[in-house]
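We begin with a single chain expressed as structure tokens, specifically the form predicted alone.
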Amino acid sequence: MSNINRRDFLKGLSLATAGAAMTAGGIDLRAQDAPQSAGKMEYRTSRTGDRVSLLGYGCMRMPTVDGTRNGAVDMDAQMRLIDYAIEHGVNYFDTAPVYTGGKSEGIMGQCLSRHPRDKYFIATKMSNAWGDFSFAASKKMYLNSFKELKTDYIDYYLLHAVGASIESFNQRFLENGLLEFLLKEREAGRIRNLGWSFHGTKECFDYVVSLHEKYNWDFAQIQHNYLDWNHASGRNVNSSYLYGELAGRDIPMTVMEPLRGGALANVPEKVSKKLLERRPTDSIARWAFRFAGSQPKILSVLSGMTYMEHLQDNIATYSNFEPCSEQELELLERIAREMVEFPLIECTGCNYCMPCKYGVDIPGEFAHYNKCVKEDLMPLSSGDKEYRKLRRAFLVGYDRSVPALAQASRCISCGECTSHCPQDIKIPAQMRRIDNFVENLKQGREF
């Protein structure tokens, strides 16, 4: 069976769900909240008593008029998606001041304010890592979120991208008095739940978790999927550890990157074959979303849905929700062990490395390279029977995917992008590797 993309797969499916339970690593992973009724969205209860949809709407990426990643947002399409999501039980919407080129909060304010305020929960962030983190600048960012989102209170407020270092956390939130200010805002009710999102080192995670006794975190957001459960790479920490530490303190979690930047929706063919043999009517992505929602302390699983068929598939996954069985967990763990052997660049397409001042489309470079690796389309030796065909396909696809003035050859290895990468990818080194690979292909050299 060919490894078709998620959109094509979904167009030919009638979706189905059933029921099961799971355990792993000594932690009870069975969902505690039963589905409300057949076909209805699964909800989990927060520490403040909110009934939060297990499917959360991530607002980092939005549909664009021209279909490109950085094009103008298609407001009509975005409003249709948000309206449909709310109509079908989705009530958790996650944005940030830095998302969608700084436009996400304003766009979501327009989309959500058309609905009664009690129909949705807003999550946004203190994104002061991307600029001046003085108290004055941070407070200005905080107050602007209310204006952009057209609201007088924020349901879930996060300290954004915690984890680079303990020193960075202290500078961004403690030494400038910002966290004390936010705690007072929580007391006043303008923040209903206060938490943080994590990308980083175990040392910093343990430090922030240890502050729970003092600050009483309401929730946290972690990168969580069946690959990162036991096989996190780069600067990330296994989500089995993150989950265990937070669940042990009764801190609910929201989930980012359930698809690992799309990698778990577009897996290598030999992996997709195993999953489709087990559940032939389920999309490949549904496996990842079911895993991400199977643990009881997961409050909501975020998905950035820019196509209606993705939204519909995810709604179906989390309606009449079926957690992964023990056998399915074992299968996913075996698959994860296989996948970590693939020579992929661990980019999730978060765009935190962008923009590049020299114009390099960093996520685009990685996306094309990874696509060819996953689909076994790498032209590695002129001795291969398919070398000429693969060589031409790679170079033509490369020029179509990444314009000439945005290709890896433009990278001067300044390194500014590296410090912003949550996956700790050594971006300049990878750019040199891709550029050398492309140049060798153009010259017809051996590898």
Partner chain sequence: MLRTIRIILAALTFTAITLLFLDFTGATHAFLGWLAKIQLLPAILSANVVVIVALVLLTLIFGRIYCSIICPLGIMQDIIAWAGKRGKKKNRFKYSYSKPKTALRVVMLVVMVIAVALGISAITALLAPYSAYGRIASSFFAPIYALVNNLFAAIAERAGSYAFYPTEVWGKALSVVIVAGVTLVALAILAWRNGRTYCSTICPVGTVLGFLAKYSLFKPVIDTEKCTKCTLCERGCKAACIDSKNHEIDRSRCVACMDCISICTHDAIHYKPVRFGVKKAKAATATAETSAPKASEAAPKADTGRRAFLTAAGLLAVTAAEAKVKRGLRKTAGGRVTFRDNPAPESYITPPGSGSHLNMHKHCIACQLCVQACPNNVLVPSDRPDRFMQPELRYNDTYCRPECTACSEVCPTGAISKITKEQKSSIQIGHAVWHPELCLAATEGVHCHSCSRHCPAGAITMVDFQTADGAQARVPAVDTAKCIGCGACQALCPARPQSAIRVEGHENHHII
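Positions refer to the first chain, counted from 1. Computed from a predicted structure; not experimentally measured. We call the rigid core the largest set of C-alpha positions that still match within 1.5 Å between the two forms.
Absent from the display: the form predicted in complex with its partner chain. The rest refers to it.
From the list 386-394, 48-56, 418-426, 65-73, the contact stretch for its partner chain in the predicted bound form under a 4.5 Å heavy atom rule is 386-394.
Three-residue candidate spot L405, R410 and Q443; every residue lies within 4.5 angstroms of its partner chain in the predicted bound form by at least one non-hydrogen atom. Using a 4.5 angstroms limit between non-hydrogen atoms, K371 touches its partner chain in the predicted bound form.
Proximity of A137 to its partner chain in the predicted bound form falls outside the 4.5 Å heavy atom cutoff. Its partner chain is not drawn, but in the predicted bound form it has a heavy atom within 4.5 Å of L377. Residues of 415-436 that come within 4.5 Å of its partner chain in the predicted bound form, judged by any heavy atom, are R432, D435 in sequence order. Once both forms are overlaid on the rigid core, the distance between the two CA positions of G67 between this form and the one not shown is under 2 angstroms.
The Cα position of L227 differs by less than 2 Å between this form and the one not shown after fitting on the rigid core. In the core-superposed comparison between this form and the one not shown, R278 has its Cα shifted by less than 2 Å. A shift of at least 3 angstroms brings the Cα atoms of V271 and L390 nearer to each other in the predicted bound form than in the displayed structure. Note on I335 and I434: their C-alpha atoms are nearer in the predicted bound form, a change of at least 3 Å from this conformation.
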